[in-house]
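Have a look below at one chain only, the form predicted alone, in structure tokens format.
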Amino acid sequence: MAIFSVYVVNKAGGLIYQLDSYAPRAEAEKTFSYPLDLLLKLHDDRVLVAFGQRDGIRVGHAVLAINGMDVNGKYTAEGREVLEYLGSPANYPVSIRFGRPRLTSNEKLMLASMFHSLFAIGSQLSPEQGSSGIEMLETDTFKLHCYQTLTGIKFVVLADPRQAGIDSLLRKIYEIYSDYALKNPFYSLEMPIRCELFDQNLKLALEVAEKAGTFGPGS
């Protein structure tokens, strides 16, 4: 079982907190000699495989790490351009990890805003007044669970479809938000949450939920 990520969206649709709690296994990591027998290209500030599928590496996969060091978009951990680094024979042999491209901060902001709009549409489409809006979306690889408070804050959890106890977890996250964000004298409503105690207690709650599969009344 796994809980993939947590989003907190304010009543205006702005993303005020996001946590990725599960790192999927690398699609493929291999050591290459020069010249690299894959065609790479730059797209949306990511280095992607354009041609040359092999050994679990697929077209569309992104370069995630070089020699065990995570890349930052199109740059290596040392700040060099990935394509320039991989174009130099002096840097071989080189170990490259490929996988599905990770969402950027801007993409996460955009997706949070889009879900906020979709949530509102769902409420308006209801034949009855007082609809709760979207509470769950399901795919074959994950479920999206949403809990909206009376003040309009949305807590969104993406989890494995088999993960149990998400409704209880969502309310636990709301409790943590109330205790460690709202009661923080330095926190302003509707603004991004930057609180170490909130981070620590949220991560602990996710660990407990993943191990237990549910959140009991005494948790």
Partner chain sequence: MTVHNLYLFDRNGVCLHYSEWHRKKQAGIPKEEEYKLMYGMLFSIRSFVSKMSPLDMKDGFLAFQTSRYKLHYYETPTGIKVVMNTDLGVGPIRDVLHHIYSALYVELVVKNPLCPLGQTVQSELFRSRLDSYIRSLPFFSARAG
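Each form is matched to the other, and the largest set of C-alpha atoms that superpose within 1.5 Å is called the rigid core. Positions refer to the first chain, counted from 1. Remember, predicted model here, so these are calculated numbers, not experimental data.
Just so it is clear, the following notes concern the form predicted in complex with the partner chain, a form of the same protein that is not shown.
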Since the partner isn't included here, can you check whether the partner chain sits close to all of S126, I134 and L137 in the model of the complex (heavy atom within 4.5 Å for each)? yes
Partner-proximal stretch of 147-155, 53-61, 28-36, 179-187 relative to the partner chain in the model of the complex, 4.5 angstroms, heavy atom: 53-61
Taking the partner chain as it sits in the model of the complex, is P93 in contact with it (heavy atom to heavy atom, 4.5 Å or less)? no
Proximity of Y85 to the partner chain in the model of the complex, heavy atoms at 4.5 Å: no
Check whether G73 has any heavy atom within 4.5 Å of a heavy atom of the partner chain in the model of the complex, and answer yes or no. no
Indicate whether M114 is a 4.5 Å heavy atom neighbour of the partner chain in the model of the complex. yes
Core-aligned CA displacement of I153 at least 2 Å between the shown form and the other one: no
For G133, does the CA position differ by 2 Å or more between the shown form and the other one when the superposition is done on the rigid core? no
CA-CA separation of L64 and L204, closer or farther in the model of the complex than in the form shown [shift of 3 angstroms or more]: farther
